[in-house]
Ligand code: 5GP
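So this first bit is one chain, no partners, the form predicted alone, shown in structure tokens.
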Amino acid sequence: MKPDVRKRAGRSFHVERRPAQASPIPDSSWERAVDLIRHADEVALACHVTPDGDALGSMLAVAFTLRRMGKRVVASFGDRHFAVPRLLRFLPGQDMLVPPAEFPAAPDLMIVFDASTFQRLGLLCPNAASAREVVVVDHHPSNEGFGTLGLIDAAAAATAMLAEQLVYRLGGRLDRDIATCLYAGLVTDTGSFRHSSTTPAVHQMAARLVETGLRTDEIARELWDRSPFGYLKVLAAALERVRLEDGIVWTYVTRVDRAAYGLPYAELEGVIDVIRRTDEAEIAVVLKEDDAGDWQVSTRSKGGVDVGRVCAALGGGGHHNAAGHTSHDNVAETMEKFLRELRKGS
């Protein structure tokens, strides 16, 4: 079926026809979001700190759409050391990114992607607090409902699925740049289509994205098949101290480990994917010391335990099988608190 072509403000927008998807987000919320965007001259976009493929990809995909609508677009994330993670530097549209200091102090319209809590905006928290309207686009079950309008679907496998909906509802269409950004979000949050969140709708979306001509092999290589040599040395240190206790496999990585090889914190994402393979463990935990000296705790479950509940109780959040939180305690105290909270659900 050929796409409709609708005239708006003297410009043509192609609207893709596609199967409707069930969603808990009412049409009235989508319509209000679209109305806010259409009446805004400038739209400020943000995603969570230390962005992953879903956060940054979703934000940039919508940024492309807004720019093509003639909007002024500014996009950022609230890290003190503002830098796109190396694994995501292949994503197009990074010319629209600005450091937090250049983000509007009190935006009329701010759209937030893949952030389940206000605190996940980092340095951009004051900007969101001062914004006239804050639209939150997210798929985390632990989302606390901040903002003035929520486009939240906990059943969606990735925020990228909601970003695609927004692209279409704005009258946009997929092209290779937008599809590359959305595909990065889709494959990272589904574990390259291995997680239980991978539904027929996920594969249907992937097909739409691939039809634009993007190279899935090149994206996979950038995301999973590249790492600096120092990562191997740091991984070796983490594996040397790994422990298996009562069905939990866990380890930690310190700032000293990384400093020895000049390895940025963002390069540690894959450590948990190595240890979670352990047959004897239902839960995997990796404690990663960030540049400020805090411990960022990543957790994974094989389905029998809701790590999202545990991390939410500890001030973080996430999903049933993948979640995280921040700890200001030492390694022993962090694990003790995690285990104590874990036992409450048993």
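From a predicted model like this one, the values you see are computed outputs, not experimental measurements. A residue's number is simply how far along the shown sequence it sits, counting from 1.
Heads up, the form predicted in complex with this ligand isn't pictured, but that's what we're talking about next.
- In summary, the region of this chain contacting this ligand in the model of the complex, judged by heavy atoms within 4.5 Å and restricted to 274-282, 25-33, 314-322, 58-66, corresponds to 314-322.
- Remark: residue 117 counts among the residues lining this ligand in the model of the complex, judged by a heavy atom distance of 4.5 Å or less.
- Using a 4.5 angstroms limit between non-hydrogen atoms, residue 140 touches this ligand in the model of the complex.
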